[in-house]
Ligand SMILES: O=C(O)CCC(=O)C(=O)O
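As structure tokens, one chain now follows by itself in the form predicted alone.
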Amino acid sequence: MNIKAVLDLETYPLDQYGSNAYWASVEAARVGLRADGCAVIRNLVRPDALTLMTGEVATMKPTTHYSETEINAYFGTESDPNLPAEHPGNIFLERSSGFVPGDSFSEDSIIDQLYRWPPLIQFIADCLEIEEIFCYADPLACLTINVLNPGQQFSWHYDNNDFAVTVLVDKADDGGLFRYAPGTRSRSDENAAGAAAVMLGDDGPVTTLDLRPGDLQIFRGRYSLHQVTRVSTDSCPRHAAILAYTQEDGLIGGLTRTQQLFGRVLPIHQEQSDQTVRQDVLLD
């Protein structure tokens, strides 16, 4: 991979670790992450590389697993009688998006090579003020494409990992907007009332991002409720590459969430599922 043909390294010198310009890019991202858990590195991927990535997505898209169901904020699909009716665990909204699994990417995929490029991994860790991160060992969830075709949406939810990294590849003509309510919950406070209000239509605390193809987003999605709005029925699809990293090496996703996202599990999921030990008291 000719990395200079893929990334704008003049504006964001990720290949010059330790330089003043490198740390300036890191500090700019840290400002957003410290303020509301979100940083956007604008136009990091060059237009010509985006064209190639769009072609890759088109090739892999037939492997997408779609799920049209109603989920709560924690990806659950069943009500919990132990929770109040107005709790986010008992509020269900439509999710109709899909995911291309990690084992659909070829060895020469630009998206895959970018995901595994060591300077990018170091840059993301520095932005998050984490000493070290690793490519997610899960063969299906490590690197995915979130697909929203015309008429589809991704309803309000939390992530079960501390942070997410995405690159918008194809933007919808209408709809498909990323929206989030910063700091809806904390490690020690579920703030069910605040989350429920957002899910039921309170836009007061909500921020809408104007993401453009080529933007890289770093987002603390475990603590901020977020959604992608419905793509208009007369729009082109929205495609976003999700680059999954973990703070522990060798982690594998749980059986339930894997089946939900990809419609299947692998032997490694059955052998090593649900290893993650949570560092908080939050619902997943």
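Throughout, we count residues from 1 along the sequence that is shown. Bear in mind the structure is a predicted one, so any value in this text is a computation, not a measurement.
Beyond what is shown, the protein has a form predicted in complex with the named molecule; the following relates to that form.
Screening Asp159, Asp112, Asp126, Asp170 for any heavy atom within 4.5 Å of the named molecule in the predicted bound form leaves a single hit, Asp159. Distance criterion of 4.5 Å from any heavy atom to the named molecule in the predicted bound form singles out Ala240 from the list Ala240, Val231, Ile218, Leu44.
The three residues Asn146, Thr166 and His226 all sit with a heavy atom within 4.5 Å of the named molecule in the predicted bound form. Partner contacts here mean any heavy atom within 4.5 Å of the named molecule in the predicted bound form, and among 150-158, 114-122, 130-138, 84-92 they occur only in 150-158. Residue contact check for Tyr180: none of its heavy atoms lie within 4.5 Å of the named molecule in the predicted bound form. When contacts are judged by a 4.5 Å heavy atom cut-off, Phe99 counts as touching the named molecule in the predicted bound form.
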